[in-house]
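Take a look at this one chain, the form predicted alone, written out in C-alpha cells.
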C-alpha cells in the first residue's frame, strides 16, 4: 500500500470513508495533523478496529483510554518481543538490511525487568535532584542567548538544544559533540520518506557509527570507577555489562530516543498549544504556579509518541472484538488522550486540569516510560525560566511536522519573543 502524500482531509471526507477501509497508519495523516478526525470517528463507531490492508500489513487499532490500559497492563497476553515484531506498528526487523536490534522495551519479563532495573537509578528521584541545578543553568543559558523581537526557529534554538544538553549530561557525553545525539535520535526512527536519511542502508551505516562511538565511551567507563551516568551504569551492572553488540546498540538508541523525542516535542508542542489557546496563555501569565499542572497537560496534548504496539500471544477479546493469536495490536495513545468518556473536555487544552497526570503519553504497566519524571522536570524548568523573561513566545507561522506515525514531532516552529 502507498504511503504517498494526499490532499488535506476534512471531517466530511473522513465521514464518507467506509469504516472498514480506514487506515490510520499513514504517516501523512500525522504530518498534516488530520489524524484526529480519523480517531474521533473510530472512538465513536468502532473503537477496536481491524485494518486488513496497509503498508505495515493488517493490524488492530485500540483507540479508547480504558481498552488501551487493558492491553498495556497485560504483558502476559500482549507481547513486546522484538522477534514477534516489537513495539511499533512497523515490524522491527521487517526492513531489508535493517539491524536486528534488541532493547529492553522490546522484551518481555524476566530479561526486560533485569535490564530496566539496572538503568533506572540514572533517572531516580535522588539523581534528578542532583541534575536539576545543571538543567536550570543550561536552560537559562539557552534562553538568555535568544534574540528579542526577531523571528527564529524555536525547535532548533530551544527544544533540541535543551534536550540534547540534558542527554549529554545523562550519558556524560563529550560536550562539543552533543548534537550527534540529536542526529542519532532522528535517524533511529526515520524512514527514507522522511528526508532524514536517503536510504535504509544509509540509516544502518549511521547507527553503526553511533554504536562504535559509544563502544569507545563504554571501554573507557568500564575501566574506571562506577559513576552515575548511563554508560557507566550499563558497563558495570551484571544485567547489562555482557550484552551482545546489537542489544547494546538497541538499548542505547532506546535511551537516546526516549530522552530526546518526548521532551523536545513537548517543549515545542506547549508553545504551539498556548498560542492556539490564548485564554490559557493569559491564565499562565496571571498565575505561574499553574506551570505544575500545565506540564502534564502539555504532555497529554502533544502525546509525543503516538502509539505502542503489541503482539497477541493467545486469542483474546477486547471491546467485543476477537483478537487472534499472532495479531498486531496497536494502542493509539494519541487517541486515548482525546477520549472524553475518561478525560473531561479531552479535546481542549486546559492548563489547570484537576487531574492532569491522568493520561496515556507515558504508557502503563511494566513498560511505562522510566524517564517520565525527567521529562516533566525539563518542561517545568524551561517554563519557569521562560515566564521570568518573556511576556509571550509568539508563534509567527505554521509549524512543520514530522512524516511519522510513531513520533509526533514538530520539526520547525517560527516564533518571536516579547520581553516582560
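Positions refer to the first chain, counted from 1. Between two forms, the rigid core is the largest collection of C-alphas that superpose within 1.5 Å. The shown structure was predicted, so the numbers you read here are calculated from the model rather than taken from an experiment.
One more form of this protein, predicted in complex with protoporphyrin IX containing FE, exists but is not displayed; see below.
- For residue 203, no non-hydrogen atom is located within 4.5 Å of protoporphyrin IX containing FE in the predicted complex, even though that partner is not displayed.
- In the predicted complex, protoporphyrin IX containing FE lies farther than 4.5 Å from every heavy atom of residue 142.
- By the criterion of a heavy atom within 4.5 Å, residue 82 is excluded from the residues contacting protoporphyrin IX containing FE in the predicted complex.
- Protoporphyrin IX containing FE in the predicted complex is approached by residue 258, whose closest heavy atom lies within 4.5 angstroms of it.
- Between 355-363, 56-64, 25-33, 380-388, the stretch whose residues reach within 4.5 angstroms of protoporphyrin IX containing FE in the predicted complex through a non-hydrogen atom is 355-363.
- Exactly one listed residue, out of 157, 328, 236, 112, brings a non-hydrogen atom to within 4.5 Å of protoporphyrin IX containing FE in the predicted complex: 112.
- The listed set 37, 370, 395, 51 contains one residue whose heavy atoms approach protoporphyrin IX containing FE in the predicted complex to within 4.5 Å, identified as 370.
- Within 4.5 angstroms of protoporphyrin IX containing FE in the predicted complex, the stretch 281-316 places a non-hydrogen atom from each of 299, 304, 305, 308, 310, taken in sequence order.
- When the rigid core is held fixed, the Cα atom of residue 85 travels less than 2 angstroms between the shown form and the other one.
- Put the two forms on the same core and the Cα of residue 251 is off by 2 Å or more between the shown form and the other one.
- Note: the CA-CA distance for residue 129 and residue 234 contracts in the predicted complex relative to this form, by 3 angstroms or more.
- Relative to this form, residue 55 and residue 250 separate from one another in the predicted complex, with their C-alpha atoms ending up at least 3 Å farther apart.
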